[in-house]
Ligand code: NAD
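As structure tokens, one chain now follows by itself in the form predicted alone.
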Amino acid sequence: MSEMTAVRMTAWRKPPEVVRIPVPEPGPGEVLVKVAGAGVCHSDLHVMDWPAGTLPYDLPFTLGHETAGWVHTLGPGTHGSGLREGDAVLVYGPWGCGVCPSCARGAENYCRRAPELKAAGGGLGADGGMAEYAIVPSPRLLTPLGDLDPRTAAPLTDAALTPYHAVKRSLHRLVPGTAAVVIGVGGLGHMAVQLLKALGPADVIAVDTASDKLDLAAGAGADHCVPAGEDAAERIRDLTDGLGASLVLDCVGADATMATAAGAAAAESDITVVGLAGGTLPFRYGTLPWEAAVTIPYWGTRPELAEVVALAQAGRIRPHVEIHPLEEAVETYRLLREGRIGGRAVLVPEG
């Protein structure tokens, strides 16, 4: 049996390991994807850092929940799916049961049977895309990429889909004359800036602690860049003539960033937290503007992923990608933890 390189999570609170494992074979209903690239997401660090028992995942499993590649082998029962061997595809990240009402409408991110499942998707309890090949349990989880390069398209499935879902639900607030704030210009944040510019007329204000991340935001189209700090909310209010922002998208989710979000929000605004840093936002009379809504969305739907791909095909959005060899995954995660990745790192198998 042939072998392949894979990045496996083998223990909690420890770095992953780069190992050799057998190349899997697709069973009935499954598709084997030859991986072109797998995104390195900050949420992986949270998964690694949580103690045993926090998540229902069985170890070991292959990391990588942002995956793109080419259809390599169609398993029995999948030949009527419309997919062909060699097609460039993006793997939809959250894997639900596929049959509940939420999954039936493509919202597998909100699968009603999720508590019964042992994994949230490939790279999150099940084997993901940080390998030379990856098994996808159903053709429904594959989105055609057309002429997009799968080596650099992998971040579309999370780094773009997650903020797209978050921004889309607030588009009714982003009318001319309003502002939207993106806090944290990393993998998700740099895509959020582009999505806001592509989808609506609001001014976009980016906030980050690092000057190079603010430079990335400016290059992505941000109208204003504000250094993070205690006066960030006040500076945002100055930029908005005292009104505040109609949408604040917190891509960090720490105490400090959520405090900035609350201070920068306008009346009748959305404060949307997609970062997983574990912060707390006090919610009581007087802590938020009138009719400010606070929400924590999760990922996005399968139809929304197709919409994200369409935006990328039209040239409206483009991930800023740093390519790293798959074999250097442990070092790449270290760079991510130290804040030394610009945009999104993508691990690419040799050859």
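Since we're looking at a predicted model, the values are computed, not measured. Sequential numbering from 1, following the sequence displayed.
There is another form of the same protein, the form predicted together with the ligand; it is not shown, and what comes next is about it.
- By the 4.5 Å heavy atom rule, the three marked residues Ala245, Ile271 and Trp290 all fail to count as contacting the ligand in the predicted complex.
- The closest non-hydrogen atom of His46 lies within 4.5 Å of the ligand in the predicted complex.
- Although the partner is absent from this view, Pro60 stays clear of the ligand in the predicted complex, with no non-hydrogen atom inside 4.5 angstroms.
- Interface membership of Ile21, defined by any non-hydrogen atom within 4.5 Å of the ligand in the predicted complex, is ruled out.
- Contact annotation: Gly93 falls outside 4.5 Å of the ligand in the predicted complex, judged by heavy atom distances.
- Only one segment in the set 126 to 134, 200 to 208, 237 to 245, 100 to 108 has any non-hydrogen atom within 4.5 angstroms of the ligand in the predicted complex, and it is 200 to 208.
- Out of the listed residues Leu156, Leu249, Val185, Leu196, Val185 is the one that sits within 4.5 Å of the ligand in the predicted complex by at least one heavy atom.
- Of all the residues from 297 to 317, those having a non-hydrogen atom no more than 4.5 Å from the ligand in the predicted complex are Pro297, Tyr298, Trp299.
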